[in-house]
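The form predicted on its own is given below as one chain in structure tokens.
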Amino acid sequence: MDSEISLTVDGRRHTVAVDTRTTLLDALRDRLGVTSPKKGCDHGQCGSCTVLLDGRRHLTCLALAVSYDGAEIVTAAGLGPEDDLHPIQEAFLDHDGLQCGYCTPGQVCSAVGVLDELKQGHPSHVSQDLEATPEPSDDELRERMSGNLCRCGAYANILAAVREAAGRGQA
């Protein structure tokens, strides 16, 4: 059974008919041609499908598209135009935070979400004081980015990129 849904993806509104069992990832990639989020594990374990969904980072392979009718989605491709990259994207380039690049869109969206969570004062598992605004320490950043895997092992450079962006107060 198909349902018609509306999604705003990277600033463009789309209306699409999807089977009620279709994941948001499959709707984006197969129905709308938005290929920035990648299909890695398809089980919510690798983070390569991470996007910003209504402003928060989200794994699209675990979400049914019909549950997000009317949602606003920002992918790594929609963070900024090529001639005016988002600060996280620039930091990833400056610190060589990628190798093969497959996980990079998910890493970038997750990093944007991480810095926003820090700004909002959300604690994580490693936060020492649950009442204080968490600091962007390496432990804090590693914990928050731990849901995004990199098969090439570019973690040191990814951490450096997120640390730099956090130091500049960027999200």
Partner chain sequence: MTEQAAAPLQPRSMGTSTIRLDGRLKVSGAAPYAVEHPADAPPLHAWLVQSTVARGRVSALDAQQALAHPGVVSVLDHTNAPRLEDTSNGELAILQDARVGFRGQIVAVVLAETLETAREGAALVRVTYQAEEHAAELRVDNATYRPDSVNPDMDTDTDEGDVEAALAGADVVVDETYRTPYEHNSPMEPHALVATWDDAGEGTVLDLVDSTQGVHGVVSALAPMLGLEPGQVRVRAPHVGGGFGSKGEPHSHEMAAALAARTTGGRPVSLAVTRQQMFALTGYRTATISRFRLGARSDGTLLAIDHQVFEQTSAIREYAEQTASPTRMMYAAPDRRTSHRLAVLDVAVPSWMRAPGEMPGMFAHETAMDELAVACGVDPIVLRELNEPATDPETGKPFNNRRLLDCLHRGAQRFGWSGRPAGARASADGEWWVGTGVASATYPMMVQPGNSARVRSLDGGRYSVAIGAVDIGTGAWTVLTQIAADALDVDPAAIELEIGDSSLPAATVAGGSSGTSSWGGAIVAASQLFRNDHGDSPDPGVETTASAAEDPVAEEYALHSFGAVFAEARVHRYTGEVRVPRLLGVYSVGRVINPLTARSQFLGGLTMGLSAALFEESYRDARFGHIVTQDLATYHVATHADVTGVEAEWLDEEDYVATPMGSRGIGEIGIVGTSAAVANATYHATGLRVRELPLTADRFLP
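Small disclaimer: the values here were computed from a predicted structure and weren't measured. Rigid core here is just the name for the largest C-alpha set that superposes within 1.5 Å across the two forms. Positions refer to the first chain, counted from 1.
This protein has a second form, the form predicted in complex with its partner chain, left out of what is shown; the following refers to that one.
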Practice task
Would you please decide whether K119 lies within 4.5 angstroms of its partner chain in the model of the complex, comparing each non-hydrogen atom pair?
Solution key: no
Problem - Any non-hydrogen atom of I158 within 4.5 angstroms of its partner chain in the model of the complex - result: yes
Handout entry: Non-hydrogen atom contact L28 with its partner chain in the model of the complex at 4.5 angstroms
Key = no
Exercise for the section: Although its partner chain is absent from this view, report whether L149 comes within 4.5 Å of it in the model of the complex, heavy atoms only. Expected result: yes
Exercise for the section: Sequence order please: the residues of 37-58 with a heavy atom within 4.5 Å of its partner chain in the model of the complex. Expected result: K38, K39, G40, C41, D42, H43, Q45, C46, S48
Handout entry: G101 C-alpha relocation of at least 2 Å between this form and the one not shown, rigid core basis
Key = no
